[in-house]
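One chain follows as structure tokens, the form predicted on its own.
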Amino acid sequence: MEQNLFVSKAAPAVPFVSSWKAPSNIALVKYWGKSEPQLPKNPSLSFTLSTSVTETKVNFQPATSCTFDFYFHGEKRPDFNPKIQHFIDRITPYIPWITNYHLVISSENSFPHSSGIASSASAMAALSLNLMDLEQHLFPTMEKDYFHKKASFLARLGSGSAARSIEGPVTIWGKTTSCSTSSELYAVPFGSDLHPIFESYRDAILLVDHGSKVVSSTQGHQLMHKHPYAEKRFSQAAENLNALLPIMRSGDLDAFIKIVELEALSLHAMMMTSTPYFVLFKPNTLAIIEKIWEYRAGQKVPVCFTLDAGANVHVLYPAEYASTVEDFINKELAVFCEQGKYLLDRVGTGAKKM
């Protein structure tokens, strides 16, 4: 199988320090529902963000077994240990050399954790890049393409959407006949034929709710297994991705908006119709959506929204409209945000070594 290509050799331990910054991403075509090990039920497509990032430093110390300490914003956080241990257990067959190290992991986010801004995506991507940095040090003939693919492959095993947080500005994860290089095992860049307007697209993240979600994404994915509308949803997402790919080449913003907003609402429809059902919307989420619709119709400005698995609203717009849209956000949408807070982000080029 293709995944066997990502199995490295064992190697003697050497002290090593690595630091990477990995971005969050916002899916335009959503993935919701997966099979083991972290394989998507439908392909997805996302914008890679620029300033919503996780910075992670790893100090690799030679040891007799793989152990770790995890620090978040300078504070030791053992509550994160089960998730990290599960990730290490999953990736050890692919990087067997890790059994010779103790890892001191220091991580921090530029945005609120667990509030629906894909914090697990950027976190697992950053950690995976540190691991691949050491692997490249151990095996220096590694090619750049392999480095990125394996980093995405490893990140996926920690958080599915993390596969899309390695490269940018637009990535595809999941097998689709519309992209010959696509894979379920890792994400791939859209390609050089992306329309220039999307390379500088803006994303204002309206922080409707800073708190942790009442239902995690992991739990939400599991509820798709017996969902009455699951198969239809998987087909819808695949069809929407096939329709969006030529739009990403042509720059047809009217068509872009229709698919992106439909995908956002379809994602939350799955949550509201699962058993047990749950709602991650807040009243202010809906108020913002209605304001965006009203503004777009009245001002003829190509602004739209999308949602991740949370209450926060991502407002998407071309860079040429940044001043106009951000004035609208400040005057009419910030009032619906918790403490009036929002983040101004843009499409980025992917992770960076620090």
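One-based numbering along the sequence shown. On a predicted model such as this, the values are computed, not experimentally measured, just so you know.
Below: the form predicted together with a small molecule, not depicted.
Q: Answer for residue 174 alone: is it within 4.5 Å of the small molecule in the predicted bound form, judged on heavy atom distances?
A: Contact with the small molecule, no.
Q: Might residue 38 be said to contact the small molecule in the predicted bound form, defining contact as any heavy atom within 4.5 Å?
A: Looking in the predicted bound form, residue contacts with the small molecule include residue 38, since a heavy atom lies within 4.5 Å.
Q: Is there a heavy atom of residue 165 no more than 4.5 Å from a heavy atom of the small molecule in the predicted bound form?
A: Close contact is absent here: in the predicted bound form, residue 165 is far from the small molecule, nothing within 4.5 Å, heavy atoms only.
Q: Hey, in the predicted bound form, does residue 292 get a heavy atom within 4.5 angstroms of the small molecule?
A: Although the small molecule is absent here, residue 292 would stay clear of it in the predicted bound form, with no heavy atoms inside 4.5 Å.
Q: Counting any non-hydrogen atom inside 4.5 Å, which residue from 60, 305, 31, 47 sits next to the small molecule in the predicted bound form?
A: Partner contact (heavy atom, 4.5 Å) among the options: 31.
Q: Which one, 316, 53, 309, 288, lies within 4.5 Å of the small molecule in the predicted bound form by heavy atoms?
A: By the 4.5 Å heavy-atom cutoff, the listed residue in contact is 309.
Q: Thinking of the small molecule in the predicted bound form, which stretch from 129-137, 152-160, 248-256, 91-99 has heavy atoms inside 4.5 Å of it?
A: Single hit among the candidates: 152-160.
Q: Is the small molecule in the predicted bound form close enough to 27, 218 and 221 that every residue in that trio has a heavy atom within 4.5 angstroms of it?
A: Per the other structure, all of 27, 218 and 221 touch the small molecule.
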